[in-house]
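This document opens with one chain alone, in structure tokens, the form predicted on its own.
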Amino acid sequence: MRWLMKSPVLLITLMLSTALMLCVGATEILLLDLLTGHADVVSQTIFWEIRLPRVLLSIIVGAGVSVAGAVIQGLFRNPLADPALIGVSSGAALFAAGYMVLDLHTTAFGLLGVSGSAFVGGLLISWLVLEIGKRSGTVSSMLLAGIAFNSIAIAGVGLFSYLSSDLELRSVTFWALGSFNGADWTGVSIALIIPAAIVLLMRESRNLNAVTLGDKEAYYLGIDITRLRQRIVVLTAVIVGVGVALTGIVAFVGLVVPHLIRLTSSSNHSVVIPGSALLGAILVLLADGVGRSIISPAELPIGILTALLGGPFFVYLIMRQKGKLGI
């Protein structure tokens, strides 16, 4: 019942935030002028070709990363887990850095580009983590494998940064901080994979609720734990892989947002997953709006904002809600 009362608030907040972010920026645009046809050609171009795809992409990626965090926390039964735990973010960063530093655009990899290389890297590392988890059959092994591959990938990014020129180092660093600056309709079209994956994850709500009780209990309830892990990890890797490939790394959202929903509503995944999607979309949308307005006409990478704002707020929640952060 509490969720039914809160969901309209999130929906209305998302709609109002969307309308606001469509107007705010280096160039202010009035929606009324667009609707009545009084906007000039420049404003119309900015709105349809730059502002609208950027807003839509931030909503989709924010929702996807938050849902990925919610299901990973449920799968690992670890309130400190986030999508980076399965190696998708670090794998994407490793392959993107390699593409930029090794100048692979002149090779067969040139067809992939930075985004394609990041997507392939994220899926490859996630697949390796999943394979180790399948061989061992325990969630702990998968967790440890994710930590190990994260360390290896981060070391690889550090090596590429060491070998890079000043310009390449700046490119790697800026990409890793995350930005919606390159959003276009092609990116939005590709990102539509994310809502489809979210719908599939929502169908796993009952299974995730059972897994939080323990593997044995879930097995007695008729759930194939191994296949469930495979589905969750694959869908999460696709969501985060697409998001990271299109925008870079959006830090901290996948960790904080699911906790906010659990602390204010319920730990039931049928509530946590859609709630995380809505709240994550709102937070990333607003963070991107602040990032492109606070030092306009320059932009502040969204990863910096989400970490600076999310970290202290998360600490505040921990202090206020002692003992309530469990899955």
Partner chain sequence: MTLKLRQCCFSVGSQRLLEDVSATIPSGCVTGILGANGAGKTSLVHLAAGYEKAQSGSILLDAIDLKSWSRGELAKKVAVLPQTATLDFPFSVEEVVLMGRIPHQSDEATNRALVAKVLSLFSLTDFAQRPYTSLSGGEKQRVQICRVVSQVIDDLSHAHLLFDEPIAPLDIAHQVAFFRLVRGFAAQGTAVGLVLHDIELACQFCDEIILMSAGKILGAGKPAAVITSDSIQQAFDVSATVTKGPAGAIQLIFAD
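Residue numbers count along the first chain shown, from 1. Since we're looking at a predicted model, the values are computed, not measured.
Missing here is the form predicted in complex with its partner chain; even so, the following discussion is about that form.
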**OP:** Could you work out which of N181, S136, T212, Q230 is the residue within 4.5 angstroms of its partner chain in the predicted bound form, going by heavy atoms?
**Re:** T212
Subject >> Partner-contacting position among G146, G121, G74, G248 - heavy atom within 4.5 Å of its partner chain in the predicted bound form >> reply: G74
Original post:
Among 124-132, 149-157, 216-224, 86-94, which stretch has residues whose heavy atoms lie within 4.5 Å of its partner chain in the predicted bound form?
Top reply: 216-224
**OP:** Could you confirm whether R262 comes within 4.5 Å of its partner chain in the predicted bound form, counting heavy atoms only?
**Re:** yes
Original post:
Even though its partner chain is not shown here, does T27 get within 4.5 Å of it in the predicted bound form, heavy atoms only?
Top reply: no
Original post:
Quick one: does S267 come within 4.5 Å of its partner chain in the predicted bound form, counting heavy atoms only?
Top reply: yes
Original post:
Does P79 reach its partner chain in the predicted bound form if we count a contact as any heavy atom within 4.5 Å?
Top reply: yes
Original post:
Within 30-55, which residues have a heavy atom closer than or equal to 4.5 Å from its partner chain in the predicted bound form?
Top reply: none
